[in-house]
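One chain comes next, on its own, written as C-alpha cells: the form predicted on its own.
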Amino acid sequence: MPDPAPRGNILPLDTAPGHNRRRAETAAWLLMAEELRYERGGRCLLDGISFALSPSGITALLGPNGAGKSLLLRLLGGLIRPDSGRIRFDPAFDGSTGMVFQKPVLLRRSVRANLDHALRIARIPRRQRTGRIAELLVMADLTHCAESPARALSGGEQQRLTMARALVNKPRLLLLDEPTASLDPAATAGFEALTREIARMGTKIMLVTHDLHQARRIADDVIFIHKGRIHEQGPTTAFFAAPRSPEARAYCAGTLIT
C-alpha cells in the first residue's frame, strides 16, 4: 500500500516543488501522475503517463490487451516503482489503498477467518475485529456463508469476499484489475452493485476493464490507454459519444488496433 511519506518517485502533493502555487489547481484531485515511465527488458511499457484522478466516483481504465493498464494500476498501488516521473497525493490522502485482482486468492479457511486474518495483518485491534467483520459480511452479502470454506464459494462470492478483504482498513483508494472478467452476468451485476455502493460511501475507485458496457454502466469518467500512453481522459458519456483520438474511436467500434 502506498505510504503518504515520500518514497522514491512517489510524493505527497505538498512535498513537490512549487506546491503552494499549484495547490489551488490540484485541490480537486486525489492524486496526480506526472510523466510516469516504466521499462523492462529494454522495452518502454509506460511512457509519459500523466493524468489527475478525481477524489470520488469510479474511473474506468480502458485499452486493448498489452496497453499497460494493469501495469499502471500496480504503479498507483505502490507494488512497483516507476523508472522516472512521480505520483503526487493530496495531503489529505492518508495513503490507504486496497487492490482486487482478476483471480481471487483466498486462504484455506472460512470466509470469516479470511477477513479476520486480513484485519490482523492490518493491525486492527482484536476488540474491533468482530464488529468490522460483521460490517464487511453485510456489505458483501456474505453473512449467510460466513462459516463456509472460502474456496468453496461461487466465483461471484469469492470475488465479493476479495473485495471485502480489500476494505478491511477502509482504504481511500480502491484499485480493481478486471475483477469481473471470469464472472457470469448475475455475479457481475452483484459485484457492480457492490462497487457502486463502495464508491457512494466515499472510496475512490479505479477500475481496469475490457467490458465497454460495464464502463458505461458504472464509470463516471474514463482514461483510455494504448501502447503505454494515455490518449484521452474525460466523462464517460462524452467519451463514448465522441471519442477524440483515432485509437479510442477504433477501440469503441470494436476494431482491432495495433
Ligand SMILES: Nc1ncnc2c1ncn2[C@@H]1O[C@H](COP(=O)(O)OP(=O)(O)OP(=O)(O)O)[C@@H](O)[C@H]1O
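One-based numbering along the sequence shown. Fair warning: this is a prediction, and the values are worked out from it, not measured in the lab.
The form predicted in complex with the ligand is left out here; the points below concern that form.
- By the 4.5 Å heavy atom rule, the three marked residues Gly48, Ser50 and Glu232 all fail to count as contacting the ligand in the model of the complex.
- Only one segment in the set 195-203, 50-58, 215-223, 35-43 has residues whose heavy atoms sit within 4.5 Å of the ligand in the model of the complex; it is 35-43.
- Put simply, of Ser96, Gln102, Thr143, Ser110 only one has a heavy atom within 4.5 Å of the ligand in the model of the complex, and it is Gln102.
- By the criterion of a heavy atom within 4.5 Å, Leu31 is excluded from the residues contacting the ligand in the model of the complex.
- With a 4.5 Å cutoff on heavy atoms, Ala150 does not count as touching the ligand in the model of the complex; it lies far away.
- Contact between Gly190 and the ligand in the model of the complex is not found at the 4.5 Å heavy atom cutoff.
- Among heavy atoms of Leu167, none comes within 4.5 Å of the ligand in the model of the complex.
- Contact residues in stretch 68-86 (any heavy atom within 4.5 Å of the ligand, taken in the model of the complex) are Gly68, Lys69, Ser70, Leu71.
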